[in-house]
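This document starts with two versions of one protein chain, written out as C-alpha cells and named structure 1 and structure 2.
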Structure 1
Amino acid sequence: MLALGKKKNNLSRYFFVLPAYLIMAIVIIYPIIFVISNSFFTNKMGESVFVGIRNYRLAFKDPLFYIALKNNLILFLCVPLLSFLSLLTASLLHAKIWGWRIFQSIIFIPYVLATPVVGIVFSYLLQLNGVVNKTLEAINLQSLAKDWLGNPQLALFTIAGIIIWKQLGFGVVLFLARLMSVDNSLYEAATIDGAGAIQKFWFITIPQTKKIIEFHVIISLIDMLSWVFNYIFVMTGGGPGNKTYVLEFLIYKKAFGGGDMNIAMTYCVVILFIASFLITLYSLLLRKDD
C-alpha cells in the first residue's frame, strides 16, 4: 500500500505540471517544428512540394541576406558598450550619489516605453529638418547637423545608439540588484588599502558581477538578433536603400512583401540556430564557472 501511495504521489506531480507542458508544446514546440519542416517545402499551384535544401541554397545566394546578417553583426558590436555603460552607471548609483533614486527612475523609464513609440519620436527628432538639426543650427553648430536616418553611413549607427539608450535601464537595474548583494566590507577594505574608484571598479565590481555580465551579454546579443524589427520598421523601413536591413526585417519582407513564405521560414531557422548557439554558449559558461 505504501509503495502504491508513493507511486500515486509521483504521478500527481506530473499531473500538476502537465498544463504548463501542454501550453509550451502548443505555443513554442509545435511552431518551431512547423517552421523547420516547412523550410524544406515550397508552394506550387497551391500545393506544398518537398524541395529539400533548395530554399536554403536560394536564401544563402540572396545578397540581402548578407546585408542583413552584416547589420546584425554590427549591432552585436554594440553589446560590449551597452554592458559597460550599464555596469558603470549601476556602480555610480550604488555609490549613492546625490539623487541616485531619481536618476535610477529616469534611466529606467525608456526601457518601459513601447518600442514603436520610441521609434516614431526619434524619427521626427532625427530627420533632416527635425528638432535635433534645427537646434544645432540655432546654436551655430550647423556642421554637426546630419541626415541621421537618411544617410546610408549613419542610419544603422543612429538606430544602434537609440537601442542602447532604450536598453540601458534594463542593464542598470540588473547590475544594481547584484551590487546591492555584494558584501560592502570588500569596498571598505579596499578604501583602507588606498584603492581608488577605478581600482575598486576593476578589481571588485567586475569580478563580483561576472556571471551577471555574461547573462546580460547573451541576452543583449539575442535582443540584437531578434528584437530590433520595430526600430527598423518604424524608423527607416530598411532604408535608405537596403542599408538597415536586419534578419527580422528580411523575414517580414519575404513573408509579406511579395516574397516567398517558405524562404521566410528558412531565415527563421537561421535565426533559431544562431539564438540556440548563443544560449548553448551561455550554458557552457555557467557550467565552466560551476
Structure 2
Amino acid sequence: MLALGKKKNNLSRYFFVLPAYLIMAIVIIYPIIFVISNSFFTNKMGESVFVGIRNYRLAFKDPLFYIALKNNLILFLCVPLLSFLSLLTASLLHAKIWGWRIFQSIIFIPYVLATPVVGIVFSYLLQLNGVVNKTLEAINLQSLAKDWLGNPQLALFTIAGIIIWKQLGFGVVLFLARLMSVDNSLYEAATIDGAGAIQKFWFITIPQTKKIIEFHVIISLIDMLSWVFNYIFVMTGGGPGNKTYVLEFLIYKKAFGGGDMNIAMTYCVVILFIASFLITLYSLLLRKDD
C-alpha cells in the first residue's frame, strides 16, 4: 500500500512538470528536429526530395561559409575586450566617480536602442561623406577619415566597434550588480594595506566577479554567433564584396534571398552545434567551479 502511494507520488511529480516539458517540446525540440531532418531534403517545385548529405557537402564547399565563419570568429575576439571594458566601467561607476549616476544612464542608453535604429543611424554617420568624416576633416584630422563601411579591411571592425558600444551597457549593469554585493571591507582592508586602484581591480574586483565574467563571456560569444544579423543586414548587407558575411546573414540569404531553405537549414544545424559547444563549455566551467 505504502509502495503504491510512493509510486503515485512519483507519477504526480511528472504530471506537474508535464506542461513545461510539453511547451519545451513544442518550441524547442520540435523545431530542432524539423531543421535537422529538413537539412537532408531539397525542394523540387514545392516537393521535398531526400538528398542525403548533399546539402552538407555543398554547404562546406561554399567559400561564403568560411568567410562567414571567419567573421564570426573575428567577432568572438571582441568578447574579451567587451568584458574587460564592461568590468572596468562598472568598477569606475562602483567607485562612485564624479557624475557616476549620469554616466550609468548614458552607458545604458545604447543597450535599449533598437539595433536597426542604431544600424541605420551609424550607416549614415559613417558614410564617406558622412558626419563623422566631415567632423574629422573640420578639425584637421582628414587622415583619419575613412570609408568605414565601404572599405573591406575596415567594415567588419567598424561593425564590431558599434556592437561593443551598444552591448557595453548590458555588461556594465551585470558587473555593477555583482560589485554592489562584494563586501566593502575587502576594499577597505586593501586600502589600509596600501593597495592602489589597479591592484584592487586586479586582486579584488576580478576574482570577486569571476563567475559573472564567465557568464558574460559565454553570453557574449553566443550573441556574436547568433545576434549580429541586424547589424550586418542594415549596415553593409554582407558587403562590400561579401566581406562582412556572418553565419546568420548567410542563413538569411540562402533561405530568403536565394529561396534555398534546405541549405539554410543545414547552416542552422552548424550554428546549433557551435552554440551547443559553447553552452557545454559554460556548463563545464560552472561544474568545475562548484
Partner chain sequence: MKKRLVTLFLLGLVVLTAACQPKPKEKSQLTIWYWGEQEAPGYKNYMESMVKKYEEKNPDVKVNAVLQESDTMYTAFRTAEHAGAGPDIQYLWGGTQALEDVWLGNCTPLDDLIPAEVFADIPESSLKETNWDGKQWGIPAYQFAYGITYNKEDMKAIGVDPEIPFTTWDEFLDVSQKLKDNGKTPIGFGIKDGWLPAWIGIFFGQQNLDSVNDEIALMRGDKSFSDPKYNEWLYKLEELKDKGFINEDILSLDFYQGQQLLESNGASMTLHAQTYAASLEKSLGKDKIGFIKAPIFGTGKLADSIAVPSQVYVIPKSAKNKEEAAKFLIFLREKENMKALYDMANAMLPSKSFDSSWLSTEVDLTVANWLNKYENFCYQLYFAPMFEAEGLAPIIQKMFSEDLSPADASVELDEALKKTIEQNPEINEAFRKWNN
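Every residue number counts along structure 1's sequence, beginning with 1. Each form is matched to the other, and the largest set of C-alpha atoms that superpose within 1.5 Å is called the rigid core. Small disclaimer: the values here were computed from a predicted structure and weren't measured.
Only structure 2 is derived from the form predicted together with the partner chain. Once the rigid core is used as the reference frame, the Cα position of Arg57 differs between structure 1 and structure 2 by less than 2 Å. Relative to the superposed rigid core, Tyr21 undergoes a CA displacement of at least 2 Å between structure 1 and structure 2.
Core superposition places the C-alpha of Lys44 2.4 Å apart between structure 1 and structure 2.
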